[in-house]
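We begin with a single chain expressed as C-alpha cells, specifically the form predicted alone.
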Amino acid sequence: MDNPGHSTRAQAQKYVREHFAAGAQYIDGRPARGTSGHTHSVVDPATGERVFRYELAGTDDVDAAVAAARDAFPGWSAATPGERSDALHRFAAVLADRAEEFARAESLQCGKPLKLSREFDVPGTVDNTAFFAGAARHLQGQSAGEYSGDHTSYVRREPIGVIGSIAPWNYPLQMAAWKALPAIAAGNTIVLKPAELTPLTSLLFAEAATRAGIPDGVLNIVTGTGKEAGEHLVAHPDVAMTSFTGSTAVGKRVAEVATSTVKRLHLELGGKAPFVVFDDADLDAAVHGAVAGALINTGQDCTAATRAYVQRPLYEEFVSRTADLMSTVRLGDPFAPDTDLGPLISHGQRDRVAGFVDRARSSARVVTGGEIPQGLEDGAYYLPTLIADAAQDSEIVRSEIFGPVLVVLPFDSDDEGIRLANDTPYGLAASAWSRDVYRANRATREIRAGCVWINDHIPIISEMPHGGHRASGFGKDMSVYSFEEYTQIKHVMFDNTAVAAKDWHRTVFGDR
C-alpha cells in the first residue's frame, strides 16, 4: 500500500478480470460470451496494458438480444407509470450504492482521472436515473376535447417498441444512461451496443438494472464491432428506432442503414464548439472557463471548447493567461488524487491529435503544449495545447480534433464574432462571455447551436435537453424533451352521436 494510486489500479484490474469472466454481453438478464469468433481487449490507456480480453458479439448475439427485448416489451410497456417509476428509483439507489465500483471501472477503461469519474460521470448518471424515475409518471398526451362537435378526441403517448442504440467511448456510463433511461421510462425495451474499447460500465449498468428489479430483457448489452453488430442492430426488422451518438461520418452511415427499414432515428453527432469572448468579459472567468471547457475529459467531448474567438482588445492577454493556466494542469496516473488530466483513449487517438497539431505548425503558433509529455510515453498522453493565429479556413479550426487542443483567433466587431462562431457545419454547443445582457442575449439568439452557455461552458443538467443542429444531428437526450424521441403519438376518436347513418356518409352513398 506504499502507493495508494497503484494499489487502487491493481484492485480495479483484478475486479474487472474476475467480474466479467462470464463475457462482455448482457442478454435477457444475464452475462454471456460473444459468438462472433473474434476477440477484443480493453486496454488501460494510461499504461498501454491489456486489462481484459473478451469475445465480441456477432449477428446471432444481436438477434438473441433483440428477441429478448421484443419478448419483454409487452409486459414492460403494460406496466403502469408508477411501476416503471418505482423500478427506476430502485435503479438509482443501486447505482448510488455501487458508485465507487463504477468510478474505478470507468477510469480504468477510459483513462479518466478518478476525480472526474467520481464527481461527474457517476453522480451525473445517478441523478439522470432519479430524474427519469420521476419523469416516467408524467408521460401525458393532449387533453380530451370535442373538436368536430360530434366526436371526442384525445391523444395517447405510447412506447415505440425495441430500441437499438449505439453509444461512444468517451462517456460510456453516461451515454448508456442517456440512451437507456428515456427509452425504458417511456415503456420501451432496448438493446445497447457500447464501444468495443469501453464496455465495462455499460455492462455494470445493465447488471444494476437487473438487481433493481427491472425485468429481464428490458435492457440488453451487445459488445461488438460497428460493422458487424452495430449495422445488424440498426438494420434489424424488429428494431423500431435507432439512437446513435458518435462522429458525423459514422452517423451518416447509421442513417443510411436505418432508412432501409424506415426506422425512427435520433443522432447526436460531432461538434466544434465556439467560445466567444467579447471585450467586456470578465477575463479571469473566461480564461478559467476556456481551460476547463477545452480540457474536460482530455478534450474528448463533443461539446468541449475548441475554437475561442476573442475580441481584439483582450486577445493577447487571453492567449498569454490561458497558456499560463494550461501549463499548471497536472498529467499523470488517473488513479492518483492529484492528477488533473489523464491520457487519451488510445495511442492511435493520441497520434491523431498530434497529427493535427503538427500540420498546423507551418501556419499557426503553438503557444504551449504540442507534444507527448516526458515520462508518460507508455500511456496515450498529450500535453494541453494552445494554438494561436490560425486561419479560419485551416484544418485545425474546421475539423473535430477530440483532444486537449484549443485554438484561439481574434475578431473585431460583434457581428464578426458571431459570424465566425457560426462558420462551421456543426451546431452542438457554444458559449459567449460578456457582462452586457444585450450582447449575451444576442449571442443566444444568433449562435446556431443546440446549447448556448453564457459565462460558462460544459455544465449539463438532467432537466434540460442536450442535442444538436445541422451536422451535429437531431433529437434530444435527457429532460422530458427526450420522450419525443422515444414515444409515438396516437389519435383516438369516439363518436358521441350513436347515429348509424352519419351526415358525411352521403359523400359515399345516398342523399342528404
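Keep in mind that this is a model prediction, so the values were computed, not measured. The first residue of the shown sequence is 1; numbering continues from there.
We do not show the form predicted in complex with a small molecule, though everything after this point is about it.
Just one of Leu325, Leu139, Val366, Val250 comes within 4.5 Å of the small molecule in the model of the complex, counting any heavy atom, and that one is Val250. Only one of Pro215, Gly161, Gly226, Pro81 comes within 4.5 Å of the small molecule in the model of the complex through a heavy atom, and that residue is Gly226. The shortest heavy atom separation between Lys193 and the small molecule in the model of the complex is within 4.5 Å.
Although the partner is absent here, Gly403 lies well away from the small molecule in the model of the complex, with no heavy atom inside 4.5 Å.
Interface residue remark: Trp169 is counted as part of the site for the small molecule in the model of the complex, having a heavy atom within 4.5 Å. Of the heavy atoms in Phe244, some are within 4.5 Å of the small molecule in the model of the complex.
Contact with the small molecule, judged by heavy atoms within 4.5 Å in the model of the complex, is confined among 355-363, 315-323, 193-201, 411-419 to 193-201.
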